[in-house]
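We begin with a single chain expressed as structure tokens, specifically the form predicted alone.
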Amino acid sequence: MTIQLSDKPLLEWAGDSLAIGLFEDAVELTGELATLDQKFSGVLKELIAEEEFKGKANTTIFTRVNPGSAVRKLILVGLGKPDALKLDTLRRAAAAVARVAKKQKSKILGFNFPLWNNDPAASAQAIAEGIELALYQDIRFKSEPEDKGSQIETVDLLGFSGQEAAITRANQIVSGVNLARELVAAPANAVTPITLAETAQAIAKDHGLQVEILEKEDCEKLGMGAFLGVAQASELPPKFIHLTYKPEGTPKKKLAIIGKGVTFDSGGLNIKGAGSGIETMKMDMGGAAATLGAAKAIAQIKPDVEVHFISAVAENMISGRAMHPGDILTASNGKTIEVNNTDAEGRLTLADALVFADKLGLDAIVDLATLTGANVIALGEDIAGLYTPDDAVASQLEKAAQTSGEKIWRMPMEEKYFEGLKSGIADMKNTGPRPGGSITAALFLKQFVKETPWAHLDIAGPVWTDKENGYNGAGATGYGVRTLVNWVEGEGSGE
């Protein structure tokens, strides 16, 4: 599929389907749209009346145009209230149109959408992202595709002439999102610590990044006892991934993105029981997937920022070598941890990754992890929890998320809750009491960052969806990639 910019006037465009965005309670046809309606013998006005179309966000209606017309079908999509228009409104509306057009077997699709904030570049990028994200299909593990119908071949964005760079940027970002989707969706016998490291090496080779893969022996020399404690039961070796993007010249800042990379989580000796969702634990490397997806996108966009992409990758399995409940592990900063639950393993891998990043002399660190069910209970399945003691980093991430359309909510870092993590025989336990479980998890991670401004994103909810949601079909969402790219570039709000 090719998304291209067209300077052809609306009244002269020809193709299979023409999509028109209309605001809520403002569906009266005026100007060019009134002329277009006359051209098509009043079909638009008639369709709006018959379907009682009000222009509510993401609602769609369509109709066939008279035979012999230059346009075969018209698609109307609601954009909601004009004063509530956001970039994500355009992104979601474009996704809705793309799905309708595909079902209608349209090969050539045109878009006539308004601008957000008089910004053609941001608007074109959001529309392109919505189209590409909605039409993504993962058929790697099917013997033959279920959908054998015709596909959209060309998309024309009308009125966006000169915004080629915006389309290129959308393609680059979506390539990273789709990589993250593929990594999360793949089963644990396909995405292992070994293959995840190979993916990082491939990104480095294809896009000119530096790559360092620390093996078990390297991690032992660095004293990564928390990470290696999680990895010790698996037959597969752990891999510590460190990718680095460096711009030409002096970077304006240096950042790190750390992703939890547990490629399968059995729970360890505290094994996940019936109803625990153990069959979904291939998703427990969603943070690492977002990290590598962001690496792929950022390497193509080439911002003037140095970025380190880090993941301590392992399986959490059961064997005669497994860490026991009650074991004490020593992290690479010397902190000792009493393991009172082997199923709280992600924070152990992140602990050593945070210590590693903290020594790199960075301006900020963000980690992402499918860390706690408690965060899902607090914020539901669509919203990630943001935990940080640093207001500046929090503000940056909130603005980056607004532009991307990915939802986050800042949660409290209630220091007194750390009392629940105190151990009588070690510096801390790896889990606290059930109340405030996502907060105590963040407070645990905080113990492993000494010098660098830091934020933690708990993405346990939005990394996966069970039903079609906006521009995401059911399955892996690639959550976090777009927000991370915006954060690295210092992108502002899409409100």
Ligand code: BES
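All residue numbers refer to positions in the sequence shown, first residue = 1. Quick caveat: nothing in here was measured; it's all calculated off a predicted structure.
The same protein also has a form predicted in complex with this ligand, omitted here; what follows describes it.
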Quick check on this chain: which one of Ala186, Leu179, Leu236, Ala374 has a heavy atom within 4.5 Å of this ligand in the predicted bound form? Ala374
Select from the listed residues Asp358, Asp343, Asp156, Glu306 the one whose heavy atoms reach within 4.5 Å of this ligand in the predicted bound form. Asp343
In contact with this ligand in the predicted bound form (heavy atoms, 4.5 Å), from 280 to 288, 170 to 178, 117 to 125, 227 to 235, is stretch 280 to 288
When this ligand is placed as it is in the predicted bound form, are Arg347, Thr370 and Ala460 each within 4.5 Å of it, taking any non-hydrogen atom of the residue? yes
Please tell me whether any heavy atom belonging to Lys272 falls inside 4.5 Å of a heavy atom of this ligand, as the geometry stands in the predicted bound form. yes
Is Asp265 close enough to touch this ligand in the predicted bound form, meaning at least one heavy atom pair within 4.5 Å? yes
Using a 4.5 angstroms cut-off on non-hydrogen atoms, would Gln447 count as touching this ligand in the predicted bound form? no
Hey, in the predicted bound form, does Thr431 get a heavy atom within 4.5 angstroms of this ligand? yes
Heavy atom within 4.5 Å of this ligand in the predicted bound form: which residues of 227 to 264 qualify? Lys260
